[in-house]
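Two versions of one and the same chain are coming, encoded as structure tokens; call them structure 1 and structure 2.
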Structure 1
Amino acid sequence: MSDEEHHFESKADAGASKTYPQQAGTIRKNGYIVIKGRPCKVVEVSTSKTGKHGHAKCHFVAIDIFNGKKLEDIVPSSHNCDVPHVNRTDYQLIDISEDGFVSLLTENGNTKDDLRLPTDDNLLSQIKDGFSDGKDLVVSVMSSMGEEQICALKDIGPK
């Protein structure tokens, strides 16, 4: 069991910068941004000015990638914003345990058992139904700023 190694890896991740500075003007719709300490996906960008002859500002409307809440922010477009490092990893789904955790197979053959199933019934049933149908499922786990969540599901089918 290389539990140690696994721990080491996640520590290295935590040590890496969670966010990067990026000029507000370069952030586009569908990009990521940190608003109020939350990693978000931008769904709308508009620009305005501070006074007629002032400088441009960007107005972002974004959605928290984990809890789906809407957040807004206004930043002068030449200033820097924080952009979160969003990481996605694919794992094969091995098991769903009774207490709401999933068991996942990592690339190097270990298992990852610390991820909870989503609490939302709709998402939950999409995962559970697929699994109980006996399909071979691969889940994508999105992680950013210390949080993790299953974000996509794929049926790899019989080979």
Structure 2
Amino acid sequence: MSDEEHHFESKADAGASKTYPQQAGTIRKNGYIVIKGRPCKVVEVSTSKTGKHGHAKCHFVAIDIFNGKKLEDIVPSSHNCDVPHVNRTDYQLIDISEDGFVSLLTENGNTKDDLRLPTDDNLLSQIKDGFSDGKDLVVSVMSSMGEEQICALKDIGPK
């Protein structure tokens, strides 16, 4: 045994998995599912019964939560699907830089400077207009599978 102290750098997620398994037959509309490696929100589920020895199959229609693309998948209802861990966090907007990055204030008083402005034109213009008017804005950031994106905006009044 050595007398040295060991210091481990801790990470926020402690190496936790980005997804968890869930039986396909239990995934419902408005739930989440991974299709083609992308985290998606389920918009339609239909279950089909098959012949004597086949599996019942679930047909999922889902929309990618980050880029809005529609994806489809068909999975036997007794099999497991990957379901992404989706987190939503609110941050106060401090600044918008020239290169399209935002500066956000976290709950513990630190700043988060690694997020880009959203690609959605409507949300983008709301954020820029509100910020230039001097309003106090709170943005909701959705994170899943190592990706993060601003998905919503709240106005908490003037500064």
Partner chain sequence: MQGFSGGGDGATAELAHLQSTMSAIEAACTSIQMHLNPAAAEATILSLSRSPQPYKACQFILENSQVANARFQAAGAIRDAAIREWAFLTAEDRRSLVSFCLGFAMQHAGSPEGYVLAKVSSVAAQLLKRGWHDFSTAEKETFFHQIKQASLGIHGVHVQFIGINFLESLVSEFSPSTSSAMGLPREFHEQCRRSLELDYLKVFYCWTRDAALSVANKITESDSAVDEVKVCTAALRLILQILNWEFQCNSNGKKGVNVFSSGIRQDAGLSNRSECILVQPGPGWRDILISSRDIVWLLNLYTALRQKFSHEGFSIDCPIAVSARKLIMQYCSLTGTIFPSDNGQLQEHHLLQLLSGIIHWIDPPDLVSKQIECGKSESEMLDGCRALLAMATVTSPTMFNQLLKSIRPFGTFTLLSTLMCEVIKVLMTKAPDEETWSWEARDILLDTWTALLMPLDSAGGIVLLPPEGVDAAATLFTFIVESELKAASASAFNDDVDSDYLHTSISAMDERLSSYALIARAAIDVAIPLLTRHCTERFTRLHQGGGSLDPTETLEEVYSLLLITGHVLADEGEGETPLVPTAIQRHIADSVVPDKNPVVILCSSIVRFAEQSLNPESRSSFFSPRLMEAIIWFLARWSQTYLMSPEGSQDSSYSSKADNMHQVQSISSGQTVLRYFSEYDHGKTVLDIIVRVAIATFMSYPGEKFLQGLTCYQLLHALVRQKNICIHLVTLESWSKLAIAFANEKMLFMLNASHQKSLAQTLVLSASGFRDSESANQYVRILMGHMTAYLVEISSKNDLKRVAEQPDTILSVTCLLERLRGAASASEPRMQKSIYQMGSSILNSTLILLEVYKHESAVIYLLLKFVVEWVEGQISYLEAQETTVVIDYCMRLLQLYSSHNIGKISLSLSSSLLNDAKSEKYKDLRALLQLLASLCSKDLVDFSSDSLEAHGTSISQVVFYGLHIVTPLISLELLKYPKLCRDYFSLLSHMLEVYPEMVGQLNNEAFSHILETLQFGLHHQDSEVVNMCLRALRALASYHYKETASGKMGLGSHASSLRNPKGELQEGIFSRFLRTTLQLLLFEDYSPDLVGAAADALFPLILCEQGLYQKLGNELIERQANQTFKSRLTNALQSLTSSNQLSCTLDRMNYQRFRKNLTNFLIEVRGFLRIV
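Throughout, rigid core stands for the largest set of C-alpha atoms superposing within 1.5 Å between the two forms. Predicted model, so just to flag it, every value in this text is computed and none were measured. Start at 1 and count along the sequence of structure 1; that gives the residue numbers used here.
> Is the form predicted in complex with the partner chain shown as structure 1 or as structure 2?
Structure 1 is the matching one, since it is the form predicted in complex with the partner chain.
> Please state whether residue 108 has a C-alpha shift of 2 Å or more between structures 1 and 2, with the rigid core used for the fit.
Where the cores coincide, residue 108 shows only a C-alpha shift between structures 1 and 2 that is less than 2 Å.
> Classify residue 94 as shifted (yes) or not shifted (no) between structures 1 and 2, where shifted means its C-alpha moves by 2 Å or more with the rigid core superposed.
Comparing forms between structures 1 and 2, the residue 94 CA shifts below 2 Å.
> Provide the displacement, in Å, of the CA of residue 123 between structures 1 and 2, taking the core as the superposition reference.
That residue's C-alpha is offset by 2.6 Å.
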